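Okay, so here's just one chain, in structure tokens, the form predicted on its own.
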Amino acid sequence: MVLEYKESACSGCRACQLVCALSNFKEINPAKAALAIEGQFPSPGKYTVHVCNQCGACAEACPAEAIYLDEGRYLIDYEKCISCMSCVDACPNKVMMTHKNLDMPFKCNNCGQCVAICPRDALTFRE
């Protein structure tokens, strides 16, 4: 399944980022979300949501083969990851994430929490 967004439906509330960080890191910290929301200013009310489309560019760039395909989604094997951040540079959607308090990158694992919480159905899954 591929996570998709409807730009016209996003209100910029960032509930998706909060639930993502809470689900994956047990923190209420939008900076640790595996998706990004970009306000298109000066046009208020217009947002672009950057999500992982599971393209595999990160896996191709990984010299340690720490990123693998599992049931249509790419996951990171943190025991193999060497923290080189090649995957971050390779991501065309800029959603292979890093954070100043983390030594390793992280990405969307298609858990679906963001889709479930979005009050405007801006995020959906497509087969």
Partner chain sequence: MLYGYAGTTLRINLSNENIKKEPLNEKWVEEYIGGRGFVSKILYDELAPKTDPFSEENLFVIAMGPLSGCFLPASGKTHFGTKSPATGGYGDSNMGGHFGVTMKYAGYDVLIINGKAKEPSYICIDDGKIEIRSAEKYWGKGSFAVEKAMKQDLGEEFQILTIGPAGEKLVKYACISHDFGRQAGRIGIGAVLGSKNIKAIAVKGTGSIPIFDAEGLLKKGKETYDAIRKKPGFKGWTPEGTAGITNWCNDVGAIPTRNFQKSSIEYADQINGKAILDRLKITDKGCFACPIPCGKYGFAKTKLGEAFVEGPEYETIAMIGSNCELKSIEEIAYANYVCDELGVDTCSAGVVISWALECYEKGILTKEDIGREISFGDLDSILYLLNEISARRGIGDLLAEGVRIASQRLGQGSEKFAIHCKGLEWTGYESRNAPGMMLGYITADIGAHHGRCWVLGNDVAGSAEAGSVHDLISGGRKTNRLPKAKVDGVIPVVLHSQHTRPAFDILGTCRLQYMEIGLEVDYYEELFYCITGRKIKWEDIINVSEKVWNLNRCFNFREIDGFGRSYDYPPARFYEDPIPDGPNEGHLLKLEEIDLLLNQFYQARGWDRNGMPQKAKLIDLGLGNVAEEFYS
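Note that the coordinates shown come from a computational prediction; the quantities given were computed from them, not determined experimentally. Residue numbers count along the first chain shown, from 1.
What comes next is about the form predicted together with its partner chain, which is not displayed.
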query: 4.5 Å heavy atom contact, Leu18 to its partner chain in the model of the complex; finding: yes
query: Touches its partner chain in the model of the complex: Ala31 (any heavy atom, 4.5 Å); finding: yes
query: Touches its partner chain in the model of the complex: Asn109 (any heavy atom, 4.5 Å); finding: no
query: Exercise: Pro63 in contact with its partner chain in the model of the complex, heavy atom 4.5 Å; finding: no
query: His99, Arg73, Lys80, His50 - the one with a heavy atom within 4.5 Å of its partner chain in the model of the complex; finding: His99
query: Candidate stretches 64-72, 50-58, 82-90, 34-42 - the one whose heavy atoms come within 4.5 Å of its partner chain in the model of the complex; finding: 34-42
query: Residues of 9-23 having any heavy atom within 4.5 Å of its partner chain in the model of the complex, listed in sequence order; finding: Cys10, Ser11, Gly12, Cys13, Arg14, Ala15, Leu18, Val19, Leu22, Ser23
query: Distance direction in the model of the complex for the C-alpha atoms of Gly12 and Pro44, relative to the displayed form (3 angstroms or more); finding: farther
